[in-house]
Every structure is written in C-alpha cells, then in structure tokens.
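Below you'll find only one chain, the form predicted alone, shown as structure tokens.
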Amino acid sequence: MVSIVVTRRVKPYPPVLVSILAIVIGVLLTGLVLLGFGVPMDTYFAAIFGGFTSGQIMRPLVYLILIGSALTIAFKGAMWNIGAEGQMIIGMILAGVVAYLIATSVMVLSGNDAIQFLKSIGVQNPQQLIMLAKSEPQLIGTYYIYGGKGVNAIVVRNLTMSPIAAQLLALFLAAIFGGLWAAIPGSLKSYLGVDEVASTLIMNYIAYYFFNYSASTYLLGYSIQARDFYRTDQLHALLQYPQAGIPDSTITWPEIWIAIIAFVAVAFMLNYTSLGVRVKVLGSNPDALRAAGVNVKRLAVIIMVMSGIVAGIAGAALLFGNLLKLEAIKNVMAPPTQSFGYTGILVSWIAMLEIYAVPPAAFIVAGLQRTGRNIEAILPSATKQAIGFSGPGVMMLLIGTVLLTYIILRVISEYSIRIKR
C-alpha cells in the first residue's frame, strides 16, 4: 500500500530564497510558453529588461508600495483584506467630493453673460478664449474655464480654498472613509463570523456601483464631454499634483512622497509600537492575546481600518496625480484603480508579509506588468489575433505563473512530502 506522508519541516527554507526562485522559475516558464507562440527568448528577455528600466514603471511602483503596505497590515493580523480595490474607490469618491463640491464653485454662463464675465476677469479676446475652452480647459487666475453647450457658452469653476488645504482635506477624508469602508467587513468577521474574503470582495463591487452613481449624479460635470460620457469635469488645474519630471513617466512628487510617508509609517507601526506587536501576535497566536486581556475582536477591526486608511489615501492620490477626473466604470476589468488593489495582494505575498520587503516586491511586480505591455507591442498582429494575447493577457500570464510557482515552492519549503510504501 502506498501512502503520502506530509510533515512540517523543523527548519523551513529561507523566505527570501522562496520568493527569488518563484520569480526566476515563473519568468522562465512564461518565456517557454511565449516561445511556443513564436516569441524568441532573446526578444522576451529584452522586453523584460526594458520593462524594469523604463520610467513608466514609476506609477505602478508607487501604488504597489502603497497597497502592498496597506495589505501587509491586514495579512499580518490574519485578516484577509481582498477589498483594497473598493477602499481605493471610496477614497477617490471622497477626493472628488472635495475637488468638485467643497474646494470649488461652478457657474454656467452663455451668450453675452459669458463674454461680460470673461472681460471682467481681464480677458482681452473673450470669443477666442471660448473657442479654446471648447477643446481644452483654460486657467485664468483661479478660474478654470471649460467649453459649455451652445454658442458662447462656458463653464467656470473657481477655486475657493487653498490648493494645498484642499489636497490635504481630500487625503484626510479619503483616509477616514477608506478606513470606515474596511471596518464593515472587519466588524462582520469579528462579531458575526462572516468570512472577510467574501465580504471584502462583495464590497468592491458595491463601491464600483457607488462610484458610477456618484460620477453620473451629484459629481457629474457641466462640460460637453462630461455630459456625454457620464463623468466629472477635469480636475481644477491648481488642484492637480505637479509632475516629478522623470523621463517617460507622468508620476508626480506628491504621489512619491505619499508612498514614502505611508510606507515608513506602516513599518514604524508594525516594528516599533505595541500595536504592531499585537498585530503580529494576532496573526500567529490569538489565544495568547486573549489570555493577556486584549480585546481580539476590536483589534481585528482596528487592523482592517488601518489597512483601509492607506488604501483610501492611495485612491485620492490617484485622482489628483493621474486620473484628473472620475468617469463611470463601463468594464469592471478596467477600473479606475488600475487594479492596484488586487495586484497589491501579490506584492504582499512575494514580500512574505515582511514590510521591509514590500518595495523590492513592488518593483518586481511593476516590472513584470511593464514587461507584459512591452511584449504586447512586439507581438505580430496575426499572432495576437491567433492566440488572443494582449498586454494585460501577457501580464496576467507572467504574474499568474509567478504566483502559482510561489505557492508550490512555499508548500515545499515548509513541508516535507514523502511517498511511503
């Protein structure tokens, strides 16, 4: 009789070795698959090199550090937060509320009223500015002017508070409501025993619908383009984050600094505070916390809230730094979050839930994402049509292969598997 004996290793393989091997093997396996579809290995590795050295890696790197840090908080405490997507969406909505309802006021003017208003703010040729505004918003002082529907019609959005104050308020409210959104599945798990994996996933889609409702009702823009596509007006120019000037990248300085500050704050909390110690113990031995008199249920909710706070901040930063508008989601496979909420899960796991390993893990995943798009660009059209590959398809193949390899190697590293006759 043959039986399989599985025993836990006394000394597992080093976690870093597992992550490195998973990446190397996953990349090689993907290369072999693409080789079968006619992509030479030298071309494949050139695409990888280009993916990791391009300036376009910066934005995914910044947001994967943010979301990887957010999810590491939750995962460390054995709270499986799969809802960073929804928490980012809530952050975007609250940032939109600040940008369009609190920090600015709007006027819709037409005909002679529009011309007289433009003259009153010092515009020498109102007719010419109206024509320009119909194709691209124009900034005159604190007034941001869009093309309106009809002849000589304009939409004027005036900034009514300090740009820095508005940006900070947006981040604050996004953090608060991102945390509250995460508190819902955290509370359901702690007090009702509802699995947080299912509830956070469901809440992602609730957030998508709430986002669509917001973008097409109380945040709906006044410009022609906004009305046609169910979206907000473009963000006021003075509220947009300034570009960092990195070649081949549109990343902004505030996005970079937000990621750095959030990462340092999370690392400090996990490694140098009593709360961080409790988070780690909750993930490994919750009974010890109960014996010490710690309210484990409340702690689990706090962990989810902290994770949601960072994700909510990421959503607000993405609006002010990259999206610059909120547009109704037509395809959940292409959300405004750019799926960072899901990809960040991979970052956290490749980092083996170690916060200091999040930045290099984020760099690896961001590079793989860029590699997928590079390969999509070099694949012949006939090949892409034949195999149905696209940039996201190649990216998912790469990341999926790495993740599958990681899971297999993680099991092998922690367990000894023998066949006994």
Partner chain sequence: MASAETSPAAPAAGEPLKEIPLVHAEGITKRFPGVVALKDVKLTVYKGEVHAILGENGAGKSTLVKILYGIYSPDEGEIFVEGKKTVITSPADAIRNGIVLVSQSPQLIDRLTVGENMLLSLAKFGLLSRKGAVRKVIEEHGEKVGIKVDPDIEVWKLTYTQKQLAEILRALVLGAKLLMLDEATTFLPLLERKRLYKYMRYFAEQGGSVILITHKIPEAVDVADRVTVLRRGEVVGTVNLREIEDKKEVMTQIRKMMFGERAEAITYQKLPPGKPREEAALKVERLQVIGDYGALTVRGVSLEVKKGEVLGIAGIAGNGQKELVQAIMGLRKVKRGKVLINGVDVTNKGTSKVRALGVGFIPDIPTRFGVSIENTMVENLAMHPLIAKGIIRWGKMKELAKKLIDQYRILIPSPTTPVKYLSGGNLMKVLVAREMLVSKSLLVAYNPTRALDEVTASMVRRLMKQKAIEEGIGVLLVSEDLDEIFMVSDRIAVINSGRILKVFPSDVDRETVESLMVSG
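These figures come from a predicted structure and were not determined experimentally. Residue numbers count along the first chain shown, from 1.
What comes next is about the form predicted together with the partner chain, which does not appear here.
Asks: Select from the listed residues S120, Q124, N271, T160 the one whose heavy atoms reach within 4.5 Å of the partner chain in the predicted bound form.
Replies: Checking each option against the partner chain in the predicted bound form, the one that comes within 4.5 Å is N271.
Asks: Looking at V264, A288, L101, L168 here, can you tell me which has any non-hydrogen atom within 4.5 angstroms of the partner chain in the predicted bound form?
Replies: The option sitting close enough to the partner is A288.
Asks: Check whether A292 has any heavy atom within 4.5 Å of a heavy atom of the partner chain in the predicted bound form, and answer yes or no.
Replies: Yes, contact at 4.5 Å.
Asks: Wondering, does S284 line up within 4.5 Å of the partner chain in the predicted bound form on heavy atoms?
Replies: S284: contacts the partner chain in the predicted bound form.
Asks: Is there a heavy atom of V277 no more than 4.5 Å from a heavy atom of the partner chain in the predicted bound form?
Replies: Answer yes; at least one heavy atom of V277 falls within 4.5 Å of the partner chain in the predicted bound form.
Asks: Given a 4.5 Å cut-off on heavy atoms, tell me which of 221 to 229, 292 to 300, 234 to 242, 251 to 259 is the interface stretch with the partner chain in the predicted bound form.
Replies: It is the stretch 292 to 300.
Asks: Taking the partner chain in the predicted bound form, which residues of 397 to 418 have any heavy atom within 4.5 Å of it?
Replies: Result: R418 alone.
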